[in-house]
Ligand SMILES: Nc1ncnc2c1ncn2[C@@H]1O[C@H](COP(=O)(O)OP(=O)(O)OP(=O)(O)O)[C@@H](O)[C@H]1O
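Take a look at this single chain in structure tokens; it is the form predicted alone.
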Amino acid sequence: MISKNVKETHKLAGQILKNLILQHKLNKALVIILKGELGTGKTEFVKGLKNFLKIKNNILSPTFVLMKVYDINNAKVNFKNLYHFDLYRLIEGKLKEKDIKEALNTLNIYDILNNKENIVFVEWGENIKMFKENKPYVIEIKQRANKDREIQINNLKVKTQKSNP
């Protein structure tokens, strides 16, 4: 899928999450890994979920705090919390897997991952084993030469509405 601007990214984010929710079968959190270089729009993708999930607070980057939590107020989805992790500082700090695991344990990561009422987005988490236990979807965002964003999702049959150019 191609997004030409932030508004399209937000719209696609809602459509994609709606499909992920419908396909989610585990009795654990719905985990989505956001993959992409710095500045490709991973956090912007999560910001696009505010209206769909009826989140009252502004969605902000968790880069400096590692994790942000938001209450989901959309009664049509069976989820109560959106967790947004950004592990860039841990990954860029060249921490070993065990040190990353220890840092995430201080945030009660296993309780978060084992709670079926949670949606968990993780930036920079594609190589962290603990997330793989939840069979995460991976959304890769690439910036193209013309500033468009290409959004690819593994293991997902996406039904999207055509957007106007």
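The term rigid core refers to the most C-alpha atoms you can superpose between the two forms while keeping them within 1.5 Å. Please read all numbers here as calculations on a predicted model, not as lab measurements. Numbering starts at 1 and runs along the sequence shown.
What comes next is about the form predicted in complex with the ligand, which does not appear here.
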In the predicted complex, the one of E37, E102, E133, D111 near the ligand [non-hydrogen atom within 4.5 angstroms]: E37
Work out which of the listed stretches, 66 to 74, 118 to 126, 22 to 30, 92 to 100, brings a heavy atom within 4.5 angstroms of the ligand in the predicted complex. 118 to 126
is_contact(T9, the ligand) in the predicted complex, heavy atom dist at most 4.5 Å: yes
So in the predicted complex, is the ligand close enough to E44 to count as touching (4.5 Å, heavy atoms)? yes
Shift of K147 between this form and the one not shown at or above 2 Å (CA, core fit): yes
